[in-house]
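A single chain, nothing else alongside it, follows as structure tokens in the form predicted on its own.
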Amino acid sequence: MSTTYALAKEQFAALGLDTEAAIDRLLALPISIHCWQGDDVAGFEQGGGSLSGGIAATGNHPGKARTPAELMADLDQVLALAPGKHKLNLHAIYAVTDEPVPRDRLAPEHFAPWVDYARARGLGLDVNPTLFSHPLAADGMTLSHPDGAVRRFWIDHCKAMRRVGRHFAQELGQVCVNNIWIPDGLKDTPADRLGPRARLKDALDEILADPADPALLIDTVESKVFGIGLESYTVGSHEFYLSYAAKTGCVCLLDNGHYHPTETVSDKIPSLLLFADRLALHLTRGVRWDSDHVVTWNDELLEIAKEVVRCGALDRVLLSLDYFDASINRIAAWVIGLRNVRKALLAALLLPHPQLRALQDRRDFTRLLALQEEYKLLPVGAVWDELCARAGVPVGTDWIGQAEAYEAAILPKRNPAGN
């Protein structure tokens, strides 16, 4: 134990806060790592295709992963630099197959290398059907498509990935989160808003008709404001999925980059937790719109962390990252986001929430504001360094040199254009 940490521990103890309990709680909390940061959402389907469906990865930093082996090696480096328990979040396009397999025919055996990888590292696996970057999604509609044959393909794909998710949980002994996101929408003013949403509802009803054992599979649905080329109408809106989750019992997933620039996810969390057993979050950083920037230590991330903690919901909120920045070292992008999410949660755990809540209830807003401002400079950094040391990962900025060394030794051997 460092002298700096010992002093910080005393300071927090004076506020009735147990830094040891906070460290232990946070190291045991799983955060799901999104595999698609490592290769710009290309996947391994027929060598990886170009992105479509209202999303884009910008930048061309050299050395992106091109094969399962390269992506797994990059992930190992990430795990060596980020403290705490983790899961791995896979999209369907990361299936590892000798020959192309249609998405509606994907099966557990097509993800066997990922199960082996996760088992060897004590990781759980989460899953996502991939309803974009495909000829049958080229016109911006999938589960809400007016063509029944197109809808059938995507319904069957989502069913297939639920079977894959159950297999992950059975093999690894950790629950699998299955997240459904679709790009469906229209570029210009719609003539019919109800019809596509009715088709989406019916499709989801069929996909989720086979009840999931919550110990194996948690189904979530993710909304969005709009995507590129789909600016005027989004079928899977927040209101649609919030209502659908409330009616059916599946879990609503909030991506904090999927809302209007002045709309905050932190404010939505306590409302949803009043009415739902679980809530799922995709953590990113929107800049003006859903730009999927690397998660940084900003006000909204801190507020999200505070709401999760002060609502007593660390065991009810499913946490995952979701961004893809191709403009910087992709491994550093992963690590920066992961470390920041856990730092924010640590800061939230090290606040005297009952004291602050009591001040609000008795309407002492002067003292409340004064203390909120003073507590911003509590020595969370010293506790964070202790947490990292106990987890056996680099303390402070030491991780940056290790990421740079990996980049210098490994990434130049890949195509310098990153392809």
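Source: prediction; values computed, not measured. Numbers follow the displayed sequence, beginning with 1.
Quick note: we don't show the form predicted in complex with a small molecule, though the next part is all about it.
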Quick check on this chain: which one of Leu26, Cys388, Leu351, Val41 has a heavy atom within 4.5 Å of the small molecule in the model of the complex?
Val41
Pick from Asp322, Asp219, Asp74, Asp325: which has a non-hydrogen atom within 4.5 Å of the small molecule in the model of the complex?
Asp322
Just one of 254 to 262, 96 to 104, 114 to 122, 155 to 163 has residues with a heavy atom within 4.5 Å of the small molecule in the model of the complex, so point it out.
254 to 262
At the 4.5 Å heavy atom threshold, is Arg342 in contact with the small molecule in the model of the complex?
no
Heavy atoms within 4.5 Å of the small molecule in the model of the complex: does Trp334 have any?
no
Determine whether any heavy atom of Trp36 comes within 4.5 Å of a heavy atom of the small molecule in the model of the complex, and answer yes or no.
yes
Quick one: is Glu307 in contact with the small molecule in the model of the complex, heavy atoms, 4.5 Å cut-off?
no
